[in-house]
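Taking the form predicted alone, here's one chain by itself in structure tokens.
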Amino acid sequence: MTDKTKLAVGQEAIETFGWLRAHRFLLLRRASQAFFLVLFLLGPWFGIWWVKGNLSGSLTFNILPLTDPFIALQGLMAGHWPELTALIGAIIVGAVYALIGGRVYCSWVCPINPVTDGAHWVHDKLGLQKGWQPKRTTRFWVMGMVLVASVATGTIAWEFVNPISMLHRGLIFGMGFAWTFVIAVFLFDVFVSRRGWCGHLCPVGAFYGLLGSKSVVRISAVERAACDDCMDCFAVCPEMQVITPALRGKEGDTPLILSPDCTNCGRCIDVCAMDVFKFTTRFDDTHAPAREQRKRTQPATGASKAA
């Protein structure tokens, strides 16, 4: 731990680069999330039907079909072979996320992400403890149960409780029962489990993590030798466990963050005043020398910001 851990998260980057530079990827993500949401709302709200449907399945300009591959998988498990357009749409979406990183969906597209980010902000402002922290593998068990439920009921089971779909319905049709699920996710992350929904329970995130496990786009701690141990990257990362192998690796270890849990949100790049991180590809074999002869403290026990 250094004196810089006493600064507010991201303050050093703001002083070094300015507020806009220190929030660039956060702002881009919010713009991206708003863009996709508005595309789907143009039709119901203004009668501009460039895109019909929602994130589960849509048709753009009456030409391009896009289908959530997790929805398509549930349909297949339920015994329903999708129409050709839906199958093509699932292949297109699956291929894109397999290439750029499956959990990019979670941080750049999913409308629940601002909800859980807001919950995390409230959680920190209230100074609450981490709360219940189920194992991160729990979301894979939830995903498995969803698929089993689809087989047993012959339905796309997750859509009955999917907060993403519920949020869309709430925005289109107004306040109603659908908002209960969204509010429940918010309250769960504030009072029950810090970053609990996206980090531990959401089966959609689990599926997209598997889908993008070999994706090309990655973040690299290429300048990890310059790390000043401010711990800001751990504090802002929604999946902080992915940083340690890349940042704390020994000399010769890859600085690439290769874990499929990484959402490629870019916040570690934003808040790092030392420019340690950058977007690159999994084929980038640049190896910055790690600090030698130095014992590093693990973020879970040694950093007040990450705690």
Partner chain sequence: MSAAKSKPKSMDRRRFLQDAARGATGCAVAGIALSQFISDARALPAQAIRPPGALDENDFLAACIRCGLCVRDCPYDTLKLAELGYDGPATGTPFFTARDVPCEMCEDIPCVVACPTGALDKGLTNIDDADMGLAVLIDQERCLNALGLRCDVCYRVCPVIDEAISLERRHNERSGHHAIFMPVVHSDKCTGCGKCEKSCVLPGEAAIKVLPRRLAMAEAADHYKLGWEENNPLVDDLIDLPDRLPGPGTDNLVAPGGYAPDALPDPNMDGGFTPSFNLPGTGATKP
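Keep in mind that this is a model prediction, so the values were computed, not measured. Numbering follows the first chain given and starts at 1.
We do not show the form predicted in complex with the partner chain, though everything after this point is about it.
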Review point. Ala86, Val222, Ile100, Leu201: which sits within 4.5 Å of the partner chain in the predicted complex by any heavy atom?
Key: Ala86
Practice item. Scan Val109, Cys227, Val96, Ala149 and let me know which has any heavy atom within 4.5 Å of the partner chain in the predicted complex. Key: Ala149
Point to revise | the partner chain contact in the predicted complex: Ile156, any heavy atom under 4.5 Å | key: yes
Check your understanding: Can any non-hydrogen atom of Phe160 be found within 4.5 angstroms of the partner chain in the predicted complex?
Key -> yes
Review point. So in the predicted complex, does Gly131 come within 4.5 Å of the partner chain, heavy atom to heavy atom?
Key: no
Check your understanding: Does Ser213 reach the partner chain in the predicted complex if we count a contact as any heavy atom within 4.5 Å?
Key -> no
Review point. In terms of non-hydrogen atoms within 4.5 angstroms, which of the given stretches 110 to 118, 204 to 212, 134 to 142, 186 to 194 touches the partner chain in the predicted complex?
Key: 134 to 142
Point to revise | Stretch 206 to 239: residues contacting the partner chain in the predicted complex, 4.5 Å heavy atom cut-off | key: none
